[in-house]
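Take a look at this single chain, the form predicted on its own, given in structure tokens.
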Amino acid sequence: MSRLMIWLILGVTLTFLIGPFLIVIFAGMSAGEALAFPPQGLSLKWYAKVFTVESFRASFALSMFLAIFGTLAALLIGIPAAYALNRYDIPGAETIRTIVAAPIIVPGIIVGLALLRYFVVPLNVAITVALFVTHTALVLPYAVRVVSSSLNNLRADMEEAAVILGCTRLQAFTKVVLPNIRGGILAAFILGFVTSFNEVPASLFLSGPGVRTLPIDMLSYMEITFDPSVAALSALLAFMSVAIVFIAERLLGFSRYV
């Protein structure tokens, strides 16, 4: 294959990947009153307006709450689960791993509909609680898989040596295992945070009046207003996600765990 063909394929691939991102950025910089590309002049007024919309601020706070605490809850469940699956010969371990991975395999629309029909409505669960449980469940598979990857790279005899030297199993876990897999735990948190923050299908079924995540609020906003502020907000969120992943890659070697 000639060098020209290689550069051509690379250029087409990068255009396909980065092109939509650039369109959103410049659409948000339009000086006009309607969402359009190419932009009608250039202005940053829509980027400034994003911070003045009350619903965006409220839904951003909710999304941050769900992303942070939902991921922490998933880690509290996922770390012991990953440890048990990795270190012990549990009957049906492969079946358990498949069940844990189900939220990744099953489309989010089905997860949201099932939770709405068989969890939220019958038990009259509050919207915020339902969203918290849903986001925790959706992030849990990432926590288990990433932490399991870290445990696979940790020699089991290090933990056994700690036990032989007088540590209890719990002390060996907290003093030997956890410090040595902290990179994987942080990687799992970042992956879970980004996944939860950008989650749409399940949240679409479980959001309600006045209680909506930011992506759902953006969809609702576009139903009544077609100004470039949604494009501006989308660009800001994309920058935030890219920055988080970039920092994680630089500090943790993020790609080793995912």
Partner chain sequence: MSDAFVSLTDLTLSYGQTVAVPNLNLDIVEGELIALLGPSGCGKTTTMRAIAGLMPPAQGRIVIDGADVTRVPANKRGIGLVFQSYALFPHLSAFENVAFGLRLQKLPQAQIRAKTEAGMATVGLTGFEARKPGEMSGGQQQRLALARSLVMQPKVLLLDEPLSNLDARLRLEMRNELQRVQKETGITMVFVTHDQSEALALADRIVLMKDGKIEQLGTPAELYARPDTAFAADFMGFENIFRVEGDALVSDSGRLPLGYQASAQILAWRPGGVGVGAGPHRGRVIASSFAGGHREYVLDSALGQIKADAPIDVPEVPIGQDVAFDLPQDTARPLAA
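Positions refer to the first chain, counted from 1. Here the structure is a predicted model, which is why all the values come from computation and not from measurement.
We do not show the form predicted together with the partner chain, though everything after this point is about it.
- The stretch among 127-135, 149-157, 110-118, 77-85 whose residues place heavy atoms within 4.5 Å of the partner chain in the model of the complex is 149-157.
- When the partner chain is considered in the model of the complex, only one residue from Leu186, Ala101, Val176, Ala73 comes within 4.5 Å through any heavy atom, namely Val176.
- Screening Ala161, Leu123, Ile90, Val106 for any heavy atom within 4.5 Å of the partner chain in the model of the complex leaves a single hit, Ala161.
- The closest non-hydrogen atom of Cys167 lies within 4.5 Å of the partner chain in the model of the complex.
- Contact check for Gln171: a heavy atom falls within 4.5 Å of the partner chain in the model of the complex.
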